[in-house]
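One chain follows as structure tokens, the form predicted alone.
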Amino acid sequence: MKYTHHTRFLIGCLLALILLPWLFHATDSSYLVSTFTRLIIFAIAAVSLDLLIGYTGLVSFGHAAFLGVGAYTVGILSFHAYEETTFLGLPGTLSGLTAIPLAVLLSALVALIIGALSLRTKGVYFIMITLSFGQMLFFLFVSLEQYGGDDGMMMFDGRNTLPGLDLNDRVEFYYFCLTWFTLFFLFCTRLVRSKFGRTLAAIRQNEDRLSSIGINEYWAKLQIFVIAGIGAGLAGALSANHTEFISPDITHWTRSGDLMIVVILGGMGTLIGPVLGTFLFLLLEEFLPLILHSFGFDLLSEHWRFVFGPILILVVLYAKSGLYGMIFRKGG
């Protein structure tokens, strides 16, 4: 019964997301399509982080680094296509068939390198080393003066191109992002329900016991670290296309903190929880300042996180499974 309710809820949410552009068009609120596109992209990154925090017990504070790798791959290829120059002897391109897969592959490679080193540590040391790697990439992107340095860079030729799709149309781009989110979410769902998913759960509960029965927990953690990096890299590539602007801020530790907040807020180890947390967090970010301003709280409208903080504390205190637990608490 719990599974049935859960499935119905997921199907209902997906149908709502599919119908949203028509609803916004009917209510003359088409500008909200871009807002919800941002939510969907951020949700991909949040789900990928939940694989680490919620399912494996790995608290990574440098997850935004992979967002940056994905975004800068798309941005640099676009830059050289606009300038008609080459990068490492290779021409730039706007083709999504090249830029997006390459962004994902490079994110996987960076995740493999960072994970291979970071996963030799545990606990607070793992947190600190992932934070350090994330900041290293942040300062690397800041130092790239050719690509805007601290100011970031624009995609002057617009979004990536794909046969049969116009990604510069915000509705088509919305459905493009929604398709990728759905595929990644379904993949993660199958993953955590597989034998490998049970290995991840065992790592979270008692890592030492796995070693005693002959399971290489380091290899399992490295695999899930790379998979999570792939998800974040995909989100970064989509984010670059969405905003048509890439900045080092996308890799800053505060972005990793935002991802961690939405995972905790929505419910760790649930997959759908981080999606719910993302929607609440970013919708509050978008509309809470306007609401506070309309009631005359101009100072609080500039510092909306001061209001959001107590909301997060209340959820953590009284709904230990986050928003997911509040919705499905009858099912345990």
Partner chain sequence: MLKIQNLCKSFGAIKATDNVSLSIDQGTIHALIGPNGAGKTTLISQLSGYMQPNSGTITFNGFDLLTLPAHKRPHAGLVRSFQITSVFPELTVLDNICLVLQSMCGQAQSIFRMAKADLSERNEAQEILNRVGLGDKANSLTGNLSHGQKRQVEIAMALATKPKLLLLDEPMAGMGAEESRQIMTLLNTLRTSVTMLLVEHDMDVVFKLADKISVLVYGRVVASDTPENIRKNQDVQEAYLGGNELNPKVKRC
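Positions refer to the first chain, counted from 1. Keep in mind the model is a prediction, meaning the values are calculated, not measured.
Not on display, but discussed next: the form predicted in complex with the partner chain.
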| query | finding |
| --- | --- |
| In the predicted bound form, segment of 205-213, 244-252, 145-153, 110-118 with a heavy atom within 4.5 Å of the partner chain | 205-213 |
| Partner proximity in the predicted bound form: Tyr175 to the partner chain, non-hydrogen atom cutoff 4.5 Å | no |
| Exercise: Phe139 in contact with the partner chain in the predicted bound form, heavy atom 4.5 Å | no |
| Partner proximity in the predicted bound form: Ala201 to the partner chain, non-hydrogen atom cutoff 4.5 Å | yes |
| Close approach of Gln223 to the partner chain in the predicted bound form, 4.5 Å, heavy atom | yes |
| Contacting member of Tyr82, Phe87, Phe196, Phe126, with respect to the partner chain in the predicted bound form [4.5 Å, heavy atom] | Phe196 |
| Contact assignment for the partner chain in the predicted bound form, among Leu94, Ile227, Met260, Leu102, heavy atom within 4.5 Å | Ile227 |
| Contacts with the partner chain in the predicted bound form, stretch 165-193 (heavy atom within 4.5 Å) | Phe187, Arg190, Leu191, Arg193 |
